Every structure is written in C-alpha cells, then in structure tokens.
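There is one chain below, alone, in structure tokens, taken in the form predicted on its own.
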C-alpha cells in the first residue's frame, strides 16, 4: 500500500518537505494563535480597539491561506502562497512601523504590533523564510 502522507497529488509539486514542513507547522501555530486571539477580542471587547482586532483577524486569514497553500502544493498554490507571504510581510512592516510611530492608534496590541514582538518576532521572520523557501521550490 503506498504511503499517502508523503505522496504529492498527481501533477503537483510537493511544498511540504524539509524546511517546508517546519513552515507549515509554524504557520499552523500562528493560525491557532491569531484566530483565538482575534475571535476572543472581537467577541468580547471590539469597541475598545476595533482596528487592532480587525488587523489580528486579517493576520489569521493570511496565515490560514498560506498554510492551506503550502499543504495543497503545486505551482499555482506556490505562487499564491508567495504573493500572500509578500502581502503578509508588507502588513507586518506597515503595522510595525505604525505601532512605533503612532502607538496611540492602537490601544491594544495586534499580532503584527511592533513587528510581532508579542509573538517573538515570528510574524516578521516567517514571511521572509516562507518567500525564500517558495522561491527555492520554483
């Protein structure tokens, strides 16, 4: 019986191997963290910091899409994940600068505040490593 856990679907390049497996795992952890955080904050205290909580939800969506694309595999998924990683990095950098320049705009932190400092800077490191990996898998 063939091992279906390592086989890529017919015609698709496997993206989840070696460092790609670590990327999927880290993005999966970030999905859980960002979804949990934003769902709780939006449902209990949205009026306190709507921008921060909406940005955390947007981060969760980006992480979920990238995770799905990496697991799916194939050239189209690779390109989609690459574009989403670039958009994620742009978001992290923009929000990171914004939270340092205008901290009063964020009464509460987002996943991307201060370049992801509350998440050990993983939000700024992850898209860079993701883009490098996805370019290598081209």
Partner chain sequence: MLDALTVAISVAALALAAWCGHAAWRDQPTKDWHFIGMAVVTVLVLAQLVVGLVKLARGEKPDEGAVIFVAYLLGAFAAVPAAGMLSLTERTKWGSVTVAAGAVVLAVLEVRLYDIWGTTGA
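A quick note: this is a predicted structure, and the numbers were derived from the prediction, not measured. Residue numbers count along the first chain shown, from 1.
Although not depicted, the form predicted together with the partner chain is the subject of the following passage.
Undergrad: Look at the stretches 46-54, 22-30, 78-86, 92-100 and give the one with heavy atoms within 4.5 Å of the partner chain in the predicted bound form.
TA: In the other structure, the partner sits against 22-30.
Undergrad: Hey, in the predicted bound form, does residue 17 get a heavy atom within 4.5 angstroms of the partner chain?
TA: Heavy-atom contact with the partner chain at 4.5 Å: present for residue 17.
Undergrad: Would you mind checking 32-49 for residues with a heavy atom within 4.5 Å of the partner chain in the predicted bound form?
TA: Result: 40 alone.
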